[in-house]
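To begin, one chain is listed below as structure tokens, in the form predicted alone.
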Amino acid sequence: MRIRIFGSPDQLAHALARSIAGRVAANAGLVLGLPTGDTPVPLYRELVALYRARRIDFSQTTTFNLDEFDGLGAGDSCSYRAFMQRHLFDHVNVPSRQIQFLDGRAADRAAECERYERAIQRRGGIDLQVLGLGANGHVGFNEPAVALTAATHRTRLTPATRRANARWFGNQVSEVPRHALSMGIATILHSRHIVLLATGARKAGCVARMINGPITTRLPASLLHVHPAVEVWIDRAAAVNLSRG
């Protein structure tokens, strides 16, 4: 893993947005995998600023988001699709037909997951996958477990993950769906390049375990060690435990 440490989340976001802009300039048809949550919000803010400054053009870019809550879709204000509209898609020129998303309201969830896998394959795979890091080490909604599902799938969320997402649901854990649809760990690892983001002191312990090892399904992010092109972008607060490993 290549590790990059920044002074603040905003400095990280500034640098990564410009790196993505460079990739889009070099490959207008870039296939970009995107996360949700608090961590990427500064990145999306920077990408919007670059677009408004005419320094990035998403007109040929295709995006795939990592996950969606089971039972929620584009019309639900608490859905990840709505989150992405608010923070990115409503403000840049990614054509709607090129925004790919799991539909948590699909009548057949298993068929929806299979459809998503085929859609990724039809576009030649994901060129750059940006990931967040759950406090328990999950990436996407691939939760710690004895074994992990390879492909896009419906998964049960842990109590810790539901608590972490309660802020999107009026701070009511009972309102957070118990399941989600998520890219699988193999789907993520088939991306050509991966950048994992982690900021803040509460991620420091997980960052240290991920980087120092061992590789284990009990810490899904640790499986990124097997990928040949992974970068870990963190701020100083998230890096504070690295010297202890």
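The first residue of the shown sequence is 1; numbering continues from there. All values reported here derive from a predicted model rather than from experimental measurement.
The same protein also has a form predicted together with a small molecule, omitted here; what follows describes it.
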Item to check | Contact flag, Thr149 vs the small molecule in the model of the complex, heavy atom cut 4.5 Å | outcome: no
Checklist entry - Is Gly184 one of the residues lying within 4.5 Å of the small molecule in the model of the complex, judged by heavy atom distances? => result no
Next on the checklist: Under a 4.5 Å heavy atom criterion, is Tyr80 part of the interface with the small molecule in the model of the complex?
Outcome noted: yes
Item to check | 4.5 Å heavy atom contact, Thr61 to the small molecule in the model of the complex | outcome: no
Next on the checklist: For a quick test of understanding: in the model of the complex, does each of Thr36, Gly134 and Phe141 have a heavy atom within 4.5 Å of the small molecule?
Outcome noted: yes
Next on the checklist: Just to confirm the contact call: exactly one of 196-204, 46-54, 24-32, 210-218 touches the small molecule in the model of the complex at a 4.5 Å heavy atom cutoff, so which is it?
Outcome noted: 196-204
Next on the checklist: If the cut-off is 4.5 angstroms on heavy atoms, which of these, His91, Arg156, Arg123, Arg167, is the one near the small molecule in the model of the complex?
Outcome noted: Arg167
